[in-house]
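Starting off, we have a lone chain in the form predicted alone, written out as structure tokens.
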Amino acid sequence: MKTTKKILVLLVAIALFASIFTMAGCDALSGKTKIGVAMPTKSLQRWNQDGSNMEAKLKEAGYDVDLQYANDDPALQITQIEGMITNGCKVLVIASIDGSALGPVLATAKDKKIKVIAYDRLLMNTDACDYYATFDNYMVGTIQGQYIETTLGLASAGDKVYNLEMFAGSPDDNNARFFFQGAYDVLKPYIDAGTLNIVSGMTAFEDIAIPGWKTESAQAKMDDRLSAFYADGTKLDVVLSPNDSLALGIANSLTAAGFEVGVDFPIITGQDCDKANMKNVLAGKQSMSIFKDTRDLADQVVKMVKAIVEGKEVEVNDTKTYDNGVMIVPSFLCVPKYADKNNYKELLIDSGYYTEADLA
């Protein structure tokens, strides 16, 4: 009987010990602080890379990691984050599907004094977003616009006119507007001067945005524009695409319509340096892609997590740009670059981001 009581007391003690560790944001068995990482989907290569980079870097730094992918389902992402909160995560790193859909679950996190870092997509309309880690999203668009400007020689074009079509990203992704505005601010003077002619007339963000960044939607929209405005042989010189998933659909549409590399294939921009797109760059079906080295972003987020856990000041380099509708979110902006057929080897291969075989 005494033995049974001792066992019961021991079990209660273990349960109490485990609950204290959980409340403190620690795993009861390992004693490590637990970090929740919520990624939007596995359907795009970049999020797989971001998630695995983040997990590896955080584990290397000594943390337990709860990494979840939400299959582009906002309701599932909410459920996953609720689980992370229940399971005692001390910090949440969230790349949202819909930046405005997480308000209530983030409020729960704030009530439990769990810090939240928005990862590459700003969390909107909440006061429970403590930090934002991303690349300079306006600069992403600026670089795309400057690439078009330089490649076409717009500053010295004289009477030449180039036909342009524009696409923008998903309306529920706050970054999409920064990408578009950065590019548009570069290109607008040439549009106003008539050097760039938008044959379809589609310039408003709402008209050119592609929900969910879907490749097939971009392809369908490009099909529509080609049949409506270019079926008579009108030349298409350049397509502004904000990222690689859209660029892939645009290139597919052009190929299906009979456009040929080296003959009439237009300039196409992109972002993320996905493998399929870099193969297109090397094949002449895409001109460039913005390189956002997710290893740099993961490194920065690990620094931010470490500072939070240790109660130290978190490093940020922007306290003015990112207004989420409730507050200006303190941010750290990493610097993007672009890769094309001339410099891809140095940026992507020599740095170890890809192997030659990855792009063969």
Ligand code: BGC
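Note that residue numbering follows the sequence shown and begins at 1. Here the structure is a predicted model, which means the values were calculated and not measured.
Missing here is the form predicted together with beta-D-glucopyranose; even so, the following discussion is about that form.
Note on the partner interface in the predicted complex: the residue among 217, 253, 175, 280 having a heavy atom within 4.5 angstroms of beta-D-glucopyranose is 175. Only one of the listed residues (121, 225, 285, 90) places a non-hydrogen atom within 4.5 angstroms of beta-D-glucopyranose in the predicted complex, and that residue is 121. Of the heavy atoms in residue 44, some are within 4.5 Å of beta-D-glucopyranose in the predicted complex. A residue is said to contact a partner when one of its heavy atoms sits within 4.5 Å of a partner heavy atom; residue 292 meets this definition for beta-D-glucopyranose in the predicted complex. Within 4.5 Å of any heavy atom of beta-D-glucopyranose in the predicted complex lies no heavy atom of residue 149.
Contact between residue 179 and beta-D-glucopyranose in the predicted complex is found at the 4.5 Å heavy atom cutoff.
Residue heavy atoms within 4.5 Å of beta-D-glucopyranose in the predicted complex occur in exactly one stretch of 157-165, 76-84, 108-116, 264-272, and that stretch is 264-272. Interface residues of 225-259, taken as those with a heavy atom within 4.5 Å of beta-D-glucopyranose in the predicted complex (partner not displayed), are limited to 243.
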